[in-house]
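Okay, here we've got a single chain as structure tokens, the form predicted alone, with questions on binding and movement later.
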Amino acid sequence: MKPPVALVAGATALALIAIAPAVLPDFYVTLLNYIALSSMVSLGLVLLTGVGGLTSFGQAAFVGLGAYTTAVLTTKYGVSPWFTLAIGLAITTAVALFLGFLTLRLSGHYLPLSTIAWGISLYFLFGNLEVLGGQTGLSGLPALELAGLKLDSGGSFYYLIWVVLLLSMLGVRNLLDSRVGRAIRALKRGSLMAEAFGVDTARVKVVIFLIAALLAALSGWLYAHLLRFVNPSPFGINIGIEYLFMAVIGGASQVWGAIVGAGLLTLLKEWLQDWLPKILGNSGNFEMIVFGVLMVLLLQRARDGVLPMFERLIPAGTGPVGPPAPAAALLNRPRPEAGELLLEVRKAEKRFGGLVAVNELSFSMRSGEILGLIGPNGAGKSTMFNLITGVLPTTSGEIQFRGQRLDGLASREIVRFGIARTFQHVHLIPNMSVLDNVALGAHLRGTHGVLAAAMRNNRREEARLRFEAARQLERVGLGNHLHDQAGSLPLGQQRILEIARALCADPVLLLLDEPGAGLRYMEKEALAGLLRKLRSEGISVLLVEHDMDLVMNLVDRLVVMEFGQKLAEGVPSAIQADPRVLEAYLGGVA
């Protein structure tokens, strides 16, 4: 949904939430409390799974940590419930960091399997420790008191739960609308592109894992004091699966989808438990069978969730139509002097087992130069790019940039030197706007972190980053596509978009891997003009390209590769006349 439809729908939802206790029976108020508590856990999974792409089945265990911490401390030691909240969040932080460092290194199906393993472990821990009351649990938790008001009923507890949930949603929404949020969204597309622009993907994964765990623990603390009783049954792996269902059903990448999914799942389970015994004439767990079938049918019809499905049915609002408001320009790094030795590759070698992809390759380039790296398919050009940018480690040899060793450094460290790149196969975030895709390139030019973003204290910096992204898009001729989804652009424009993103990193050296692929003739002419302009501004370009007309009319020098080795080096006219190059490309001439 886009404004003003989103604003109207949001305001209506808030109004209904506000008046619910006054117009609904106590039973439905209690049901709304359970929906809010589940939404809080689901919200963490929206961030972790829906946006970040990290699947977890163990969130119910973190709910249990928050609940059991306050239950033990308040019933056995008389600690204030409000103080136990801080202690519970601290314990959850420690446990989440420990589990996160262990499990987030895994990928594929190993990650969700590991979350099942520690989710089951914590569940049995809750049920078998005598201090936690075993399977019987702990009762007699004190009621919360807030501003002299005792919250000892579902109705009195209602507003506390919903205010906490709505504030959490606002914080997550603010977080996603920031440089950190763009880094989180990039995780789902793999780490290659994000690391190339300075994102520490391992750290970002731990951060969103921790946020999801803290939201679950907060839900558990509220749950414990709402019921004033805790036992292990609500914290099993089956409940963890339900929380994940809620996030997926509502809309796994949508903040409001957390409430939609939790509401649908909770109400559906309640209704099935009431109706099925009447229809079938006996009791049992038939609701789980029907529930499972309904979930499969729903996910077939709305794989992105219910909320996105309804958004497509609602007429779009006005939405953003213009560029970001002007903001102070970001600082640019000093440009090297023209002719300064910029990049030096010395006998670089890369082996993959017995395959030698790059074989003792040496070349150099100077500031203000456009250098072409060409060769037949499989010559090792893209591998050389990956060695320079830290995607792959060198087997041997040295790579220096302005006197600094690059080999051995990670991509996110190399980009700090002023090296930015595009990719042979386009790496974009398709469902994110063109503007935000390009702003990701300026990740290292911002400093505000998670807390500042969640509290919206980063707006001045964010305005500068987005204005810089808009400036680079105008520069490359995509100024009319700022608010389009990146995945909606044709391939040629997506490649130009990648150049704009690289320029947003304020590079000294720009590495372009087949930027002309998919471009029409006039677009290639515009690209050549842009690269010449960049050279005049002190940005050097290392170019891999198969379009020889583009290359020969653009570059200052060429390095020709074949089978990982340097075949020839020189100015375009000399390379065009070199019989070894003709042999490599054409199989020889008469």
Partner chain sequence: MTVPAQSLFVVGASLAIIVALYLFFGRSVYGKALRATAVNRVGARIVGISATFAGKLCFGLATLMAAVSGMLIAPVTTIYYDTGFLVGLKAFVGAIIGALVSYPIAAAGALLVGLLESFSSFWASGFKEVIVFTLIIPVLLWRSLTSQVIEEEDE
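Everything numeric in this text was worked out from a predicted model, so none of it was measured. Residue numbers count along the first chain shown, from 1.
FYI, the form predicted in complex with the partner chain isn't displayed, but the following is about it.
Of the candidate stretches 185-193, 71-79, 334-342, 435-443, only 185-193 contains residues with a heavy atom within 4.5 Å of the partner chain in the predicted complex. Taking the partner from the other structure, the partner chain in the predicted complex has a heavy atom within 4.5 Å of a heavy atom of residue 237. Among heavy atoms of residue 102, some come within 4.5 Å of the partner chain in the predicted complex. The closest heavy atom approach of residue 116 to the partner chain in the predicted complex falls within 4.5 Å.
Not displayed here, the partner chain is kept clear of residue 309 by more than 4.5 Å at the level of heavy atoms in the predicted complex. Checking 121, 400, 364, 395 for any heavy atom within 4.5 Å of the partner chain in the predicted complex turns up a single hit: 121.
When the partner chain is considered in the predicted complex, only one residue from 278, 109, 405, 460 comes within 4.5 Å through any heavy atom, namely 109.
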